[in-house]
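Just one chain follows, in the form predicted on its own, and it is written as structure tokens.
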Amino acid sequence: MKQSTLIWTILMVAGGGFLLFQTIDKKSGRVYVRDVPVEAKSSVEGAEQAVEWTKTQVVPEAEKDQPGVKVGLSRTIGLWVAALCTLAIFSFLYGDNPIYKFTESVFVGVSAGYAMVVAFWSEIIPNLFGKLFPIQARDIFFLELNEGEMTANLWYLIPLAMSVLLLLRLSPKGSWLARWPLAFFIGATAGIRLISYLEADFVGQLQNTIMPFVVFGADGNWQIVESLKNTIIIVGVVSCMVYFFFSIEHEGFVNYVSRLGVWFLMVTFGASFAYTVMGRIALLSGRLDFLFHNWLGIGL
């Protein structure tokens, strides 16, 4: 047996033993719940009636000995599935393996299914079915529609037909028909994004760059820090623009300014990369907190 394999085997056995000890001795990995009665009254005039049901409320582990508190089997199973899936994703640190691939496929499939269900109930039902068949949408899906929305809008037959054509991409013979709605969606999306980009990014950048070199406060005093910040921003923007100005030779003074722009660009890229790394570390911290706190019951 290789030395690396032996080390990983020992670590895995030790980790499994620790989990078994935590589960048996500390009774961790369990979700405690309590049944809470809920009562609601109908808001429809002339048909007032009370409706009662029971919902399950998760309680902290410190309240597990209180009356009415029990172990929630379904939530406990969900906790273990989430924890084992997290460990399966972490197994990529050992290398690309079948467990990681299986978990990754499950995660992608569940995410796609969840997004499809959300889009169906939040977009297709209210914005398409509710516009074409408002009476049926109100009676079947309980959509809250005004009196002016109870008439079918036949203009929505166009997006319905384009959606059906888009699904023909799955058909070997009719896949070419999907190019027309796909071209329309790409063009419309690009146009909408272009306008929002010009308004929120391009114009915003110009507005944020137009600033005074020297800043005075309301009392007439010179604001040194604000003036220095504005000067650095203006010098950075101008030097970066000079670096991307290739119509002239970067020699002499222009060369020094363009090299200063390179330094500003490197600092900007480094800050963006650090921000991305911080986001990934925050995700890792969240999963570790879930494993140690929610699953193993170990306080950090």
Partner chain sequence: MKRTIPLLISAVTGFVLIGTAFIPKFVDWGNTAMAWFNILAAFAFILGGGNLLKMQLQKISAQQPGWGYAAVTLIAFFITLFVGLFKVGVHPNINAAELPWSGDFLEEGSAFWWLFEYIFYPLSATMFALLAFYISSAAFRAFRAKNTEATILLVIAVIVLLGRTYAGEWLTGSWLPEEPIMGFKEVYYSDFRLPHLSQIIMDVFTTPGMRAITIGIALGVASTSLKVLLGVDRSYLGSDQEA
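The structure presented is a predicted model; accordingly, all values stated were derived computationally and were not measured. Positions refer to the first chain, counted from 1. We call the rigid core the largest set of C-alpha positions that still match within 1.5 Å between the two forms.
Omitted here: the form predicted together with the partner chain. The next part is about that form.
Query raised in the report: Is there a non-hydrogen atom of Pro181 within 4.5 angstroms of a non-hydrogen atom of the partner chain in the model of the complex?
Result: Yes, Pro181 lies within 4.5 Å of the partner chain in the model of the complex.
Query raised in the report: Can any non-hydrogen atom of Glu251 be found within 4.5 angstroms of the partner chain in the model of the complex?
Result: Result no; Glu251 lies far from the partner chain in the model of the complex.
Query raised in the report: Taking heavy atoms only, is Glu149 within 4.5 angstroms of the partner chain in the model of the complex?
Result: Although the partner chain is absent here, Glu149 would stay clear of it in the model of the complex, with no heavy atoms inside 4.5 Å.
Requested in this report: Although the partner chain is absent from this view, report whether Gly270 comes within 4.5 Å of it in the model of the complex, heavy atoms only.
Outcome: Looking in the model of the complex, residue contacts with the partner chain include Gly270, since a heavy atom lies within 4.5 Å.
**Report entry** Sequence-ordered residues of 178 to 192 touching the partner chain in the model of the complex, heavy atom within 4.5 Å
**Finding:** Arg179, Trp180, Pro181, Leu182, Ala183, Phe184, Phe185, Ile186, Gly187, Ala188, Thr189, Ala190, Gly191, Ile192, in sequence order.
Query raised in the report: Does superposing the core leave Trp263 with a CA shift of 2 Å or more between the shown form and the other one?
Result: No, the C-alpha position differs by under 2 Å between the shown form and the other one.
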